[in-house]
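Have a look below at one chain only, the form predicted alone, in structure tokens format.
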């Protein structure tokens, strides 16, 4: 029997003796100083045994696993926003690559949206080139440069004083117009 077993046996014996005294008070013995000393010595030995066992045991703590952190993923549209910001922000000589990239991406997207709206691919491309796919003249001008003059004079003056470069404004309007068409498709 090890120290732990001895301690458990002494503890269980004390509990049973206490319960027996509660049930039958005549079993109680007179408490004398020597009995109190004996109980104190036994309790002290039990405590010392517990401390000794704790100190000599190779108990290793289990480390909880590191909580899994969520993956950092880019926000959809961040790259497009960056490209839109680059359009015309550094003068006419810069932003050509961004303009071409945005135009290619939006061209594919526009054809896909119009095809989903019921157009054939050829008809969608014709409407984009003719600028008839939307009522927004800025959005239409993004795909059909010839229709840039269809923007009313008041709108052109307002745009000229807004400080927003034309390519960015047209791209933003085209994106909004395509989103409206796509939303209309979802609502039906």
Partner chain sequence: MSTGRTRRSAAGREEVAVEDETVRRTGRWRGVSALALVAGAVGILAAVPGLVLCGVVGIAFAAVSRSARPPPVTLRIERSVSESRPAPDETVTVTVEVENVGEAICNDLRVVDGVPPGLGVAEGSPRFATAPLRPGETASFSYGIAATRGVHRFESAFVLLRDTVGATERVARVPAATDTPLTCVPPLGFGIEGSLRDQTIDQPGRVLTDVGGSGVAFQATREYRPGDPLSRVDWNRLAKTGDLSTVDLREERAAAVVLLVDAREEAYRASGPEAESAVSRSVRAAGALYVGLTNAENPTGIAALSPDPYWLAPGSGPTHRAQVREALATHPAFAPAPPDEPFFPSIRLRRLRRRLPARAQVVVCAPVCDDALVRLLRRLDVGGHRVSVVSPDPTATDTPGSQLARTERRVRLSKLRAAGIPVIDWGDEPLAVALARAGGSR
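Positions refer to the first chain, counted from 1. Here the rigid core means the biggest group of C-alpha atoms that line up within 1.5 Å when the two forms are laid on top of each other. The structure presented is a predicted model; accordingly, all values stated were derived computationally and were not measured.
The following text describes the form predicted in complex with its partner chain, which does not appear among the structures shown.
Q) Looking at the partner-bound form in the model of the complex, is residue 73 within 4.5 Å of its partner chain by any heavy atom? A) Although its partner chain is absent here, residue 73 would touch it in the model of the complex, with heavy atoms inside 4.5 Å.
Q. Residue 121 near its partner chain in the model of the complex, any heavy atom under 4.5 Å?
A. Residue 121 lies outside the contact set for its partner chain.
Q) Does any heavy atom of residue 158 come within 4.5 Å of a heavy atom of its partner chain in the model of the complex? A) So residue 158 does not count as contacting its partner chain.
Q. Is there a heavy atom of residue 116 lying 4.5 Å or less from a heavy atom of its partner chain in the model of the complex?
A. Taking the distances in the model of the complex, the answer for residue 116 is yes, it comes within 4.5 Å of its partner chain.
(Q) Using a 4.5 Å heavy atom cut-off, which of 121-129, 60-68, 22-30, 134-142 contacts its partner chain in the model of the complex? (A) It is 60-68 that comes within 4.5 Å of the partner.
Q: Output the sequence-ordered list of residues from 14-46 with at least one heavy atom within 4.5 Å of its partner chain in the model of the complex.
A: Stretch hits, in order: 36, 37, 39, 40, 41, 43, 44, 46.
**Q.** Rigid-core frame, C-alpha of residue 157, shift of 2 angstroms or more between the shown form and the other one
**A.** It does not reach a 2 Å shift.
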